[in-house]
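Considered here are two forms of the same protein chain, supplied as structure tokens in two stand-alone entries, structure 1 and structure 2.
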Structure 1
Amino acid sequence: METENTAPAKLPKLLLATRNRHKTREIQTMLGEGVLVTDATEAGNLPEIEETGTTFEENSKLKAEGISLHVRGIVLADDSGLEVDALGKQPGVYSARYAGPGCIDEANTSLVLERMSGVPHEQRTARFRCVLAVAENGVTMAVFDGTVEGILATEVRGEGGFGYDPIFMPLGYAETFGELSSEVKHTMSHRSRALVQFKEWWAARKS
């Protein structure tokens, strides 16, 4: 008889090259119960991979390949961020550290709002981008890209999500990702769109 403690061990495992537990939980929710998602905080003494790339794809591949040299099995790395047209597509690859090394989400969000102060609604266009890279034994096996277009709010709205979610309104909605339910967000987010492609690849690989 299968017990609650032994059941998870029989699930296929996927290691995320991240220490962002918000991201891990979100990806676990999107992938569902058919896979057990773990990350670098649970996998022991893994190195920090320096994100020296100038694009999301370069950084996601750096992380996936770097971590996959230290573990067995497949590693999935996500590099994602916000591109604001009026800021020359900043913060881009610097989204997680826009306000400086070690900064928190609120500092990054506040800096974007400060730099967008006075910019009219029609010029507040932005997008979230996510690039996923899959690697094993230091070699990238596949790359997936997801994008969602939107408009920046003029203030923080909502307490859901993380990162820049409370200031980003996806096209067609008057609410930010911080106000929309996770169920609605997961039908259209940049990460969910990239993960749909990954799930198809994952399923084809197992068949």
Structure 2
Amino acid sequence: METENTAPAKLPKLLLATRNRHKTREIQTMLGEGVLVTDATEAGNLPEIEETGTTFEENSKLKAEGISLHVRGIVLADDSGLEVDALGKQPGVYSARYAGPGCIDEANTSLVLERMSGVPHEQRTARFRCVLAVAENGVTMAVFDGTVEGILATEVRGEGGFGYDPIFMPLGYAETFGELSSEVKHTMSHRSRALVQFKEWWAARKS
């Protein structure tokens, strides 16, 4: 007698080149249930890729290409940070380690505020940037770039978010990302904007 196969169809998989479970959950939520998102913590035995690039694009490609050589299927990697115009777009790719290797967020924000001390409001323009790279078999297939423009506050404000959130006021707001809710931040963040582009690319590729 034949039995009916009720097993769910195999979902397409996407591997994230990150060990940050928060990013994995965020991306799974954005992409919905039609894709199974895994990451380097689940894949095991993946090499650490050194971020030796001088741009977000270089670093995201290094990670996506490097990891995709060790797994089957498509790999997505991101690199993000803060660009301050009056500091020549620093801290940029050094955002996580601006005040020194292994430093805490508060040391980084203090150093930016110190270097921006006395700089007038109209010259305090900055943006968060997130670049996503997609690769397979060591070759980049696409790159997406999301930004949110803003102004640097003159002091730390708010308890929410992480990194430079307490000193960044998105354009049109008098509050910092540290004061705004995470829902408001996600409607306009650099990461959400890059992910929207990736989602369109992923959907077009599947159809």
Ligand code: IMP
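Remember, predicted model here, so these are calculated numbers, not experimental data. We call the rigid core the largest set of C-alpha positions that still match within 1.5 Å between the two forms. Residue numbering: structure 1 sequence, from 1.
Here the chain coming from the form predicted on its own is structure 1, while structure 2 comes from the other form. Once both forms are fitted on their rigid core, the CA atom of E136 lies 2 Å or more apart between structure 1 and structure 2.
Shown in the overlay between structure 1 and structure 2, fitted on the rigid core, is a CA shift at R72 of 2 Å or greater.
The rigid-core alignment places the CA of S182 less than 2 Å apart between structure 1 and structure 2. Its Cα shifted by 6.3 Å, E33 is compared between structure 1 and structure 2 on a rigid core fit. Relative to the superposed rigid core, T18 shifts its CA by 2.7 Å between structure 1 and structure 2.
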